[in-house]
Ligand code: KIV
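Before any questions on binding or motion, here is one chain by itself as structure tokens, the form predicted on its own.
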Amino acid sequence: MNKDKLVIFDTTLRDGEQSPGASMTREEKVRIAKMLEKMRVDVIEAGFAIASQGDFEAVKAVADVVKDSTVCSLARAVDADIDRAAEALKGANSSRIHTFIATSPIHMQYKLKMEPEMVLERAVAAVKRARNYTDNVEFSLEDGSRSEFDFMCRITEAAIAAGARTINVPDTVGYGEPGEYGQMFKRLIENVPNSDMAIFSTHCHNDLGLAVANSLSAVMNGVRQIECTINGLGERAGNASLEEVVMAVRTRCDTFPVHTGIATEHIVPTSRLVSSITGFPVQPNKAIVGANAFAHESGIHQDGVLKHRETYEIMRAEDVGWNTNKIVLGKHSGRAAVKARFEDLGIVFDTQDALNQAFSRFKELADKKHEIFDQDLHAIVSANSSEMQEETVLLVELEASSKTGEKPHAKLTLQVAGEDHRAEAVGGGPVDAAYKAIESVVNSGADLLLYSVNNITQGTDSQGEVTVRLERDGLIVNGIGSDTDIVAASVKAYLHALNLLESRSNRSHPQRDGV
């Protein structure tokens, strides 16, 4: 049968960034955008241009480098927002302005303090202003799933008449249920006279764990765009997961009347890139991209898979970017082989110097552990990315000890603004002691919100990847560090977070009104 194209609208760089601590630099957004483009994502929402100068510059940078995907900026139904979005998108081959206003009674009354008629007028004016800049205008009914149906029909019809060609009805607070959410779209499309002039879209939050289910239910009822994020990243419980949506449509092609243009083999590399940049680790049992997604421990399952893969696997690991070659590289591998493997993983270095740094770290790691896995290579790239920021605090030397019957002790040397400082401390463990020693030098005033350790690969010589979340004056950052020595990894993560606090302390967090 003929299948419609399902537009994949990725908002990792905008809504995903609204996760506390997930704020990204301009360069990090560009790296992710390039991977999304390689994955053939249809629309990349690069940010909220009015939110800050940093957000404006990030949207502009993405618009300037992405050529094959449409680049989008969010804008409230406010003239200044729309003008700012248009300015940021000037360099895009294909651009979209995504404007929105709240339409639920509770939002209109308590947040906007506006009557419905005024909201409708504001929506129409915003769409018309955006159309002065681009034919590709999307209008969103914020908190649409809790809006009154008659008003939803009126504002949708008016927005389409004003020139909107995509209508998004988000489940902003994750309140929707698949049956009713899908039926809402069916009724809306049937009752709005000019609905055939627009593509209808979902944007679902995962507060009840139903974001993907709600999105796919909407597809079965006429929706042809899904707004989603890599790894389901997003504020509160996150957004609909891109990888789950795409693979559900692909795997159950017998059920869904749509297809996507996504190059699925880039899903896992993109997932790892987003995880490393944001510092949000992927849970091992996460569908599609979790470390255990294609693992089988049960003897019955193992036996079945060995006899015939499809007994317990509905997808091929290779199709989403997992590599079945267990041992990839070793200490005797040359630069060309390492570069080729990076390219197989979707990792391309912009400069020779960046490749040299990565190769140097590869050699250091190969001296510490016998087997180098793909996950190790991703960690190397993450470390290089972390090192590219302007660092004010650097680790020069670390010594940590833990002995039965004695208090763990750490001694280190830090370079702060070019000057060496030595410190030592005792603590509940070597990591605690190291962190106390660091703070005796920097006195950051930050609160430690999270300390998390994950093994990157299997084996006792595996690298440990540590995530540290710090908060100071309302700014939350995630630092990451990896090493075969878990204390060293912990110190790297803490220093990474401290440097992020310094570099981002003057940048406002992008979490503002949004869909």
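Every value quoted in this text rests on a predicted model; they were computed, and no experiment measured them. In case it trips you up, residue 1 is the first one in the sequence shown, and so on.
Absent from the display: the form predicted together with 3-methyl-2-oxobutanoic acid (KIV). The rest refers to it.
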Can you check 114 to 122, 349 to 357, 136 to 144, 82 to 90 and let me know which stretch has heavy atoms within 4.5 Å of 3-methyl-2-oxobutanoic acid (KIV) in the model of the complex? 136 to 144
Spell it out for me: taking 3-methyl-2-oxobutanoic acid (KIV) in the model of the complex, does every residue among R272, H378 and E465 have a heavy atom no farther than 4.5 Å from it? no
Taking 4.5 angstroms as the cut-off for heavy atoms, does R14 touch 3-methyl-2-oxobutanoic acid (KIV) in the model of the complex? yes
Please check if S215 has a heavy atom lying within 4.5 Å of any heavy atom of 3-methyl-2-oxobutanoic acid (KIV) in the model of the complex. no
Contact flag, P170 vs 3-methyl-2-oxobutanoic acid (KIV) in the model of the complex, heavy atom cut 4.5 Å: yes
Quick one: is R96 in contact with 3-methyl-2-oxobutanoic acid (KIV) in the model of the complex, heavy atoms, 4.5 Å cut-off? no
Are there residues in 189 to 204 with a heavy atom within 4.5 Å of 3-methyl-2-oxobutanoic acid (KIV) in the model of the complex, and which are they, in order? H203
